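Quick heads-up: it's one chain on its own, the form predicted alone, in C-alpha cells.
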C-alpha cells in the first residue's frame, strides 16, 4: 500500500498535535507544512525532528496545494481563516480534515456544505470528542437501547481559561465565532448526534465574568465569554443542556456527560475513572461498565481521540470507511453555538427557524 502523503496547514498548537498523531503511523508520510508565521513553523520543525528534512515548507497554503506534494491536508489554522482556506482546498481533489469549528458563521458553513457536495474527495470536520474513549463507549451503549427512549442530555465542562494562541487571535469573538462556537461546537455536535434530531430552539445565559477582563491587544479588550448555560430543544422532544465554566480548574473531571432515557441513564466523564455508570429505573440499581481501551500511537491533548479520528479519516480517504463527521455535522454544531450567542445578546429564546440556513 502506498503511503498517503499528508500536509498540515497551520502549525500552531493543534497543527503540531496532528503532526504528532501522524508520526507513529506507518502508512502515511508528512510531506508538507504551511504557515505564514516563522514561529509556528519552528514548532513544526521541533515536532518532526529528523523527519523535517523531507518536508516541503510553505508560507502560503495555496502554494502547498499547487505543489502536487499531498494527497490529504489538515487545516489547523485560526478559526477565522477556515473559510478562505477551505475555498481553496475544495477547488482541488485533495481530501481534507478541517479543525473545529468548520467556520465561524452559519453562512460560511452553509457555503462549505454546498462546496463539499460538488466533489468526490473526502471533507471531514474535526469534532474529535465523538472518539474520546468514555464518550465513544457511551454512544455505543446508548445505541444498544439500554436506557430506553432518550429524553435528556446534560453536558458539563468545568475547565481552565483559553490558552494563549499565535497573535492572541482566540481572544476575540470576531476571530473565533465566540466561545460557544469555538469551544462548545464539540458539545453541540454530541447533542445533535445523540438526539438524532435537529434543534428547534435555544435559550442561553452567559458572560465574561472572570477571565481576560484586563487583556487588551492593539487597543481592543478581549470580549470572549468565560461561562454560560445553554438549553437546546430538539424536534423529537429531546432536551439538552450545557453547563460551561472556564474558571473552574479544580475538580475531578473536566467534562461530565449524562444521557437519560425512560428506562435509565448513563453517566460518563473525561478523564474519568475508566468506567461508565449505568442506572436502571426498574430497580434503582447502578452498575459500573469498564470503558474499552484502544491502542493509539499518541494520546495527546484529547486522550487519544484525535489519533483515532485521523485513523478513521485515513480509512475514508482510502475508501475503506465512510465519512463519519461531514460538513453537515460541522454546520449544525455551529448553528447551535451561534443561536446561543444570539440568545445571550438579546436575552431571549432563539428559534432556529429565524436563522438563515441556505
Ligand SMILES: NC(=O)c1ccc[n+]([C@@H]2O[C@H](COP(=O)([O-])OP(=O)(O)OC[C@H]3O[C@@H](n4cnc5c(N)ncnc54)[C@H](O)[C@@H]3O)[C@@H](O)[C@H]2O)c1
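Being a predicted model, the structure only gives us computed values, none of them experimental. Numbering follows the first chain given and starts at 1.
Keep in mind that the form predicted in complex with this ligand is missing from the display, and what follows is about it.
A.B. asks: Would you mind picking out the stretch of 200 to 208, 75 to 83, 261 to 269, 224 to 232 that comes within 4.5 angstroms of this ligand in the predicted complex, counting non-hydrogen atoms?
C.D. replies: Going through the listed ranges, the match is 75 to 83.
A.B. asks: Closest heavy atom of residue 290 to this ligand in the predicted complex, within 4.5 Å or not?
C.D. replies: Judged by the heavy-atom cut-off of 4.5 Å, residue 290 is well away from this ligand in the predicted complex.
A.B. asks: Any chance residue 37 has a heavy atom within 4.5 Å of this ligand in the predicted complex?
C.D. replies: The answer is yes: residue 37 has a heavy atom within 4.5 Å of this ligand.
A.B. asks: With a cut-off of 4.5 Å between heavy atoms, is residue 302 one of the residues that contacts this ligand in the predicted complex?
C.D. replies: Yes, residue 302 lies within 4.5 Å of this ligand in the predicted complex.
A.B. asks: Just to confirm, residue 169 within 4.5 Å of this ligand in the predicted complex by heavy atoms?
C.D. replies: Result yes; residue 169 sits at the interface with this ligand in the predicted complex.
A.B. asks: Considering non-hydrogen atoms and a 4.5 Å limit, which listed residue (22, 335, 350, 14) is close to this ligand in the predicted complex?
C.D. replies: Checked against the cut-off, the match is 14.
A.B. asks: Is every one of 7, 30 and 311 in contact with this ligand in the predicted complex, taking contact as a heavy atom within 4.5 Å?
C.D. replies: Looking in the predicted complex, the three residues 7, 30 and 311 all stay beyond 4.5 Å of this ligand (heavy atoms).
A.B. asks: Going by this ligand in the predicted complex, which residues of 95 to 116 come within 4.5 Å of it through any heavy atom?
C.D. replies: Residues within 4.5 Å: 99, 100, 101.
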